[in-house]
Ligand code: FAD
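In structure tokens, one chain follows: the form predicted on its own.
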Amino acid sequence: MTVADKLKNSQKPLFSFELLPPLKGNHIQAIYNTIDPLLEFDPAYINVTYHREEVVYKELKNGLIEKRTIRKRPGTVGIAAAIKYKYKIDVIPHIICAGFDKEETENALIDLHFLEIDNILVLRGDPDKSTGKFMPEPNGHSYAIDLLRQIMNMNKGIYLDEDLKNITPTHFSAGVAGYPEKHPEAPNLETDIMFLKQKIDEGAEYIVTQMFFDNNHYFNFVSKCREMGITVPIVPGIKPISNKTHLTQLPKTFSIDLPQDLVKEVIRCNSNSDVKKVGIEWAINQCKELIQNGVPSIHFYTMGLSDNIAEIAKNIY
């Protein structure tokens, strides 16, 4: 059963979460240490993010500046496979446009198909940190919908190399991202949802939202999606605040608003430990209201930490 089928057929809200691959040089045990405390809540699936390469500039002894392209985190395909076969839980690796051309994308998808990992989340990916702009790779995709079309073609047995023999069609089930407060580059929410509808028409089977801290954003987003003719499951994404830097970091990074009541509570905190408690309580109340309104699942962004997610889950599952 695909994750999309689970979302459509479950009689209760599912529990899922997203993992960051550990920084290069760390052991996979760091991933297991995040997963293990959450197993008691019977996760329906686990997402694994993909990260593009980064450009850094290093000053040499002779005074010159050297440009280096590095990848700070290990490959998502290998991590997804390790999780799938250790825990027997469905995994959803992220597939992104950023930093990959069509050939590299196809090779990654072939590997996933070989490993029987058939659930994926299709994303454009973040802009280059050094420029703040998104630029596709030569012979790469500019938009998530183009990447989605390549994946749907593979499901039909259409690969980039037209001369391939004995082709086996893939059977990927793809999800896409939704932005309750609109994508940072979209002119408005209505246009953003119009483009989202095109991805559903191309074959995406569910939507996972960007984090939000005011449930009204989610409810409004779902209402507008339904008005636009989008009928697939829309999974809310939740990220509990855990330190004071999140007050400026999250709005800047993700182009989201923080409710004033939450901001006031965090400002009053004397330590990040107190902030963490506020974040947990806020997320519990968010989740309870979302469940009362019939969401198909709640998806948590762990950012490499799981103790706060476990505390929230204890109160709602």
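Counting begins at 1, following the sequence as shown. Just so it is clear, the structure is predicted and the values come from calculations on it, not from any experiment.
One more form of this protein exists, namely the form predicted together with the named molecule; it is left out here, but the text below deals with it.
Undergrad: Does the trio E18, R124 and K199 actually contact the named molecule in the predicted bound form, every residue with a heavy atom within 4.5 Å?
TA: Yes: each residue has a heavy atom within 4.5 Å of the partner.
Undergrad: Decide whether Y179 counts as a contact residue for the named molecule in the predicted bound form under a heavy atom distance cut-off of 4.5 Å.
TA: Output for Y179 is yes: heavy atoms within 4.5 Å of the named molecule.
Undergrad: Given that the partner is absent here, does Y50 sit within 4.5 Å of the named molecule in the predicted bound form, heavy atoms only?
TA: Y50: yes, in contact with the named molecule in the predicted bound form.
Undergrad: Are any of the heavy atoms in Q150 no more than 4.5 Å from a heavy atom of the named molecule in the predicted bound form?
TA: Looking in the predicted bound form, residue contacts with the named molecule do not include Q150, since no heavy atom lies within 4.5 Å.
Undergrad: According to a 4.5 angstroms non-hydrogen atom cut-off, is C225 in contact with the named molecule in the predicted bound form?
TA: C225: no, not in contact with the named molecule in the predicted bound form.
Undergrad: Which of 142 to 150, 164 to 172, 110 to 118, 79 to 87 has heavy atoms within 4.5 Å of the named molecule in the predicted bound form?
TA: Within 4.5 Å of the partner lies stretch 142 to 150.
Undergrad: Scan H217, H94, H246, K239 and let me know which has any heavy atom within 4.5 Å of the named molecule in the predicted bound form.
TA: Looking at the other structure, the residue within range turns out to be H94.
Undergrad: Any residue of 168 to 197 with a heavy atom within 4.5 Å of the named molecule in the predicted bound form counts; write them all down in order.
TA: Counting only heavy atoms within 4.5 Å of the named molecule in the predicted bound form, the contacting residues of 168 to 197 are A177, G178, Y179, H183, E185, A186, D192, F195.
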